[in-house]
Ligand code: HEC
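Just one chain is shown here, as structure tokens, and it is the form predicted on its own.
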């Protein structure tokens, strides 16, 4: 009976004790409230998301109104070449002849950008085609910012000039 009474007293003592046994278990109640977006989210790396969007413009208006603001410096041409090889060469080929490795699986063959009609069109046309896409070509506005699209235009113009200066076979 003594043991039963002792265990009853111990049980009542434990039941009357506070619910928290450790000093850190109430920190959620004492801590400062954190509000969503109280601290700005991390800054997105440059050229990751388009934040300085361009107003929409039709291909016809781009052909007439847009002019390349960049000069064909070696740096711009090299950057344009790398962008062309990465984004355009799979369809148009490394030389722009329309013989890229994926052209075999396309519904319509890729355009030859060095000997086709585009060599006689203004820079704004090529820029507009890159920006909005044309026929089966997709838009690259979301993956290439305007500066890089103009660099691709410079490179396309340089390979067109090189092709027209080369002797015919």
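Bear in mind the structure is a predicted one, so any value in this text is a computation, not a measurement. Residue numbers count along the first chain shown, from 1.
A second form of this protein, the form predicted in complex with heme C (HEC), is not displayed here; the remarks below concern that form.
- This chain is displayed alone, yet in the predicted complex one of 137, 141, 70, 64 has a heavy atom within 4.5 Å of heme C (HEC); that residue is 137.
- Proximity of 87, 126 and 156 to heme C (HEC) in the predicted complex is complete: all three residues have a non-hydrogen atom within 4.5 angstroms.
- The shortest heavy atom separation between residue 79 and heme C (HEC) in the predicted complex exceeds 4.5 Å.
- Looking at residue 104, you'd find every heavy atom of it more than 4.5 angstroms from heme C (HEC) in the predicted complex.
- Contact between residue 121 and heme C (HEC) in the predicted complex is found at the 4.5 Å heavy atom cutoff.
- For the partner-free chain shown, 106, 108, 109, 110, 111, 113, 118, 121, 125, 126, 130 of 93-130 come within 4.5 angstroms of heme C (HEC) in the predicted complex, judged by any non-hydrogen atom.
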